[in-house]
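Single chain ahead, by itself, as structure tokens, in the form predicted on its own.
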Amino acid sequence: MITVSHLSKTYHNADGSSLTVLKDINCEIQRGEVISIIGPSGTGKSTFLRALNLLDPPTGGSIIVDGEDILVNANANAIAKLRQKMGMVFQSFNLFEHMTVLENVMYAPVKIRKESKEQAREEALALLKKVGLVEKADVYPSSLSGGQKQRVAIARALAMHPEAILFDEPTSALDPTMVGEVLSVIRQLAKSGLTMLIVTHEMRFARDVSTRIFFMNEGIIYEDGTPEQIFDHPVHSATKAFVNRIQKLVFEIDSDDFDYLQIHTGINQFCLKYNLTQGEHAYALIKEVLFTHMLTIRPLTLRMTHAELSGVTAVDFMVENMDHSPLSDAARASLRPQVKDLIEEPTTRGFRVKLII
């Protein structure tokens, strides 16, 4: 469906300096593929998507869509036809605030595809039902949540009957509590056979929904493979380091006068940031360990971790220069029913107690 060869993009600044964001992008995209594009920030993921439908025209290379190089005759008419084939869902929704939800979805089919208002309305209502928002058809975007706005944006893109949809970090502007509803809609679309390219930081979602993964780094597609290959058997060390990301929150507890309210606040913020539901449970376990089972042990390092790929969340307590577990049999009996696993292990620094929650 799409063949990209030696695609590049360089921005030239007024002071004469330049920045090359895309260096040499090469790939083939087949119909029905769901490709997640992952990688560190600033590596050109969003620029690549915007280049594909010429929102951000490339500096060099070729983009062949259905056998035609769209960069050769990139006039206004050709670009308009291209964008009908390739829908785009942005980070920031870009809905028309002066139109109702239904009018937002109907607008392009009537204006560009020349559908009758009756046909466009019927199709728009069906699409709104598909994304779970038919009851919001007559309200304005200002009354919607972020997740609802993004679902309307998806319905609007689908209304043009595109051959492919480009999703540019569709959940990045959302409150963590709303991420799931948008990802659920994209999962449904993936099952329908629609060709999709998705720039995302949601690693578990990328693994679950994709037929292929592009790992982008330093302006190129560093690694291209199946989810199993990219996440379980990456070839490059940069890919391995990225997909195995473990987020962590660390507190050093040096005395009995530590600020436990700061710990509580920190855990809540950590859980909100990574869309975790175990915050209060984690804090209850930490209080029990610090104030009951390890009350006399100071200093120690408290750490909360979340592995984005596996979804494993844990709290651990590291005591330096200790060669045995600080937990008593009674402590183990109290903690084990509250956690998925309790791990006691010596380390090069001392001894660690880890609670998998």
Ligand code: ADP
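All values reported here derive from a predicted model rather than from experimental measurement. In case it trips you up, residue 1 is the first one in the sequence shown, and so on.
The following text describes the form predicted together with the ligand, which does not appear among the structures shown.
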item: Contact of Gly44 with the ligand in the model of the complex (heavy atom, 4.5 Å); value: yes
item: Val21, heavy atom within 4.5 angstroms of the ligand in the model of the complex; value: yes
item: Heavy atom of Asn13 within 4.5 Å of the ligand in the model of the complex; value: yes
item: Residue contact check: Gly61 to the ligand in the model of the complex, 4.5 Å heavy atom; value: no
item: Stretch from 328-336, 315-323, 287-295, 35-43 whose residues place a heavy atom within 4.5 Å of the ligand in the model of the complex; value: 35-43
